[in-house]
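One chain comes next, on its own, written out as structure tokens in the form predicted on its own.
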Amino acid sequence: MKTVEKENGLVGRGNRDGAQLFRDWFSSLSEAADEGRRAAYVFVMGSLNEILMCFDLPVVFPEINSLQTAVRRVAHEYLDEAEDYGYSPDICGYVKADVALQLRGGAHPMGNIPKPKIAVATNACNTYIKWAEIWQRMYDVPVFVMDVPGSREAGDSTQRGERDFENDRRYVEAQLKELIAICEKVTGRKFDVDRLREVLGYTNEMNVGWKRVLELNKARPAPFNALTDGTIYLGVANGFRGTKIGGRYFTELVEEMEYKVEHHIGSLTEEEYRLIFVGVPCYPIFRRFNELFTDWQGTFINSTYLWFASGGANRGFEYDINRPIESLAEGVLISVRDAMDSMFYQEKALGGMIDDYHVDGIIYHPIKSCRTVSTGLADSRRYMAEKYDIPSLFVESDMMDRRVISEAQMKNRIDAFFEGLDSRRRRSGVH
């Protein structure tokens, strides 16, 4: 009886609590907008939320706002409005949806979005910089761009203890101090280093939990679906980064996943195929897109999206609160660089997961809206097939624009992929 009661309370808790936290977060943004307070506009790859929270700035993630319009099946209205305003059909759908949101005075399906007081970006995506310039023109707000040194060669990065790494870290640290000075000027408040230590402690709890959750999906059956469940977890990881609530959420999420692993509770009743997803999800038909795989008892056990859209939190980096600025610089360098590598040099990480996660296939999902994520995926697919002999599927659609999505064509290709997996298994004698 106690086991049943515990299962009823634990299983699905992460999804329930995550969805509620997400709604609460949008409610808090609506409250800020209604009160005329302004926010910091940031991005998922290097939000620098730890600094911004020290100044009690509400944090807005325009990428999340945009994808939510697609999940709620109204993205086409925002895209049409931005294109009528003059933006090209070929540019990032997230940008266009956000432009339309600004033109609507912040009106969003989940509430009202406050106007920006400052924009903070990194060089992890070249679109970030041009996007921030739009807000600068619209609202005359300061824009801060953090230049994070990337990997020098094919995913090989400078490492702790090396002179080049220390030079990179000092370069990031100097920029963090610039951001602190800008925030002091914008808010009229002095920076509190003890507040930063507190925030970093909560982020540590979140990062450790996030890494552990991903590791637990090595189990068979996988306790969560990296595409659907993982997107909920990502929402909390970004919106509640550096908060007590966010840290506790991931500690409790680990508890749920460990329980499910111990009791062999998977995201599917019957798990036949274990897949890795590369790219950004197809949000306009999000649930149906996932069903095209789960109908074949296929589940996504990991995803590059869970790496780069968490800003590299998957690394589980823990900050040293005794040297907060220096350690934050180190964490930003390692985490944001890892996020970039998960887009541009994902082959090494994928190769290392094939055996550990018992992977049956890789799904590559290039999208019209994002060249940053999609460029090079065809080459990556060919490399993985040649080096690891891993089956893969290349299926194209978009993260926002339903006009370029053909569910029937995708279903035909996905069905053929699974038929190929089944045939491969029968030939090898594996059941």
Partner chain sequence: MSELVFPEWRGTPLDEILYACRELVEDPTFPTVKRWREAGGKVCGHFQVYFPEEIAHAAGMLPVKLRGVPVDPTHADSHFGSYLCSILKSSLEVVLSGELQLDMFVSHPICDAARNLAAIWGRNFDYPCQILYLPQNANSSHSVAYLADEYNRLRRTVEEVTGAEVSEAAIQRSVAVFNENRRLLRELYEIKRTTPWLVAAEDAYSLVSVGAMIPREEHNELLRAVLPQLTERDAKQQDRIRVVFEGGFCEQPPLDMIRMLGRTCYLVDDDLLIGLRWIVEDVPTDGDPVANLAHAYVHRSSYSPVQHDDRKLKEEMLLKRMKRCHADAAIITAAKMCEPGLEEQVAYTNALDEQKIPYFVSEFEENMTSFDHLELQVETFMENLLFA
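Positions refer to the first chain, counted from 1. Since we're looking at a predicted model, the values are computed, not measured.
The same protein also has a form predicted together with its partner chain, omitted here; what follows describes it.
Against its partner chain in the predicted complex, the set R72, R287 and L350 makes no contact: no member has a heavy atom within 4.5 Å. Checking F317, F191, Y345, W135 for any heavy atom within 4.5 Å of its partner chain in the predicted complex turns up a single hit: Y345. The listed set A226, A329, M340, V199 contains one residue whose heavy atoms approach its partner chain in the predicted complex to within 4.5 Å, identified as M340. The closest heavy atom approach of S380 to its partner chain in the predicted complex falls within 4.5 Å. Interface membership of G150, defined by any non-hydrogen atom within 4.5 Å of its partner chain in the predicted complex, is confirmed. Contact check for D164: a heavy atom falls within 4.5 Å of its partner chain in the predicted complex. By the criterion of a heavy atom within 4.5 Å, D90 is counted among the residues contacting its partner chain in the predicted complex. Note that among 268 to 276, 105 to 113, 135 to 143, 297 to 305, the stretch whose heavy atoms approach its partner chain to within 4.5 Å in the predicted complex is 135 to 143. With contact defined as any non-hydrogen atom lying within 4.5 angstroms of its partner chain in the predicted complex, the stretch 219 to 236 contains no contacting residue.
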